[in-house]
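Coming up is one lone chain in structure tokens, specifically the form predicted alone.
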């Protein structure tokens, strides 16, 4: 068990809520091990105007209107935006009816916030948590490549290997939406930890796990259960599983309880050109090339331990 009185880890969350993104934000805000310096809205599951609104709704639900929220880029570095209302609903967070947020969006652009924060804080002290397409971080690295050496870690939800893709046979959604940004991040030299579909498909919202959250009987748990019951229906139908995979909270859970996860350092390259495999994360798990190892690719997770952590932390949010 970690000492929660230790200095909290400084993080920036870059996200496109999304019900699972919302749970990741709640988990971070409920965890004293983490200090959320700011949250940047990405365009992904739904357009930017909605993701920025959804982040603020979640912060207010958690009783944290003090969190600084920034709008990032409106679309990928190349091409047009591909969204996922077919999974998340028209609002991006269908399933819970939350009030319109009253906290503001900051005037500074999210990319500038990322750059300025990394240059201001001590080198190696800030972790970037990307829960959606990596457009904002990729743009920041392109604009100010010197920030790469100042990043403690990039911990991301994205990609897949043995599980394939979830938006095409080869590609996971977050990487598919902006493969150029992902390519920039993976080539940056910053330490990377990946939470791919290989992990997130093990973390299923079974009836027992959802019931444990519902039993908390708080406004937060009520919203979370509504989100989960809406969100899981798509993947239950798609995969024939009991419950759907809960993707993005794995990023935050790893920062709190890294012992829940196991994987290996390997080379990961991003396919940006092929019409057939655009957005594929080509992970050299077996070391068959001499390409430089650039990412820790997680493959296994203690799913029960994950849900125990999530449920315990959600219980702390009484807003």
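In this text, all values refer to a predicted model and were calculated from it rather than measured experimentally. Residue numbers count along the first chain shown, from 1.
Another form, the form predicted in complex with a small molecule, is not on view; read the next lines as being about it.
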**Message:** Please identify, from 240-248, 208-216, 106-114, 182-190, the stretch that has a heavy atom within 4.5 Å of the small molecule in the model of the complex.
**Reply:** 240-248
**Prompt:** Just one of 139, 166, 221, 152 has a heavy atom within 4.5 Å of the small molecule in the model of the complex. Which one?
**Reply:** 166
**Item:** Interface residue in the model of the complex among 197, 98, 71, 225, criterion: non-hydrogen atom within 4.5 angstroms of the small molecule
**Value:** 197
**Message:** Is it the case that residue 176, even though its partner is missing from this view, gets within 4.5 Å of the small molecule in the model of the complex, heavy atoms only?
**Reply:** no
**Prompt:** So in the model of the complex, does residue 131 come within 4.5 Å of the small molecule, heavy atom to heavy atom?
**Reply:** yes
**Message:** Please determine whether residue 157 contacts the small molecule in the model of the complex, using a 4.5 Å cut-off between heavy atoms.
**Reply:** yes
**Message:** Residue-level contact is defined here as any heavy atom of the residue lying within 4.5 Å of the small molecule in the model of the complex; does residue 51 satisfy this criterion?
**Reply:** no
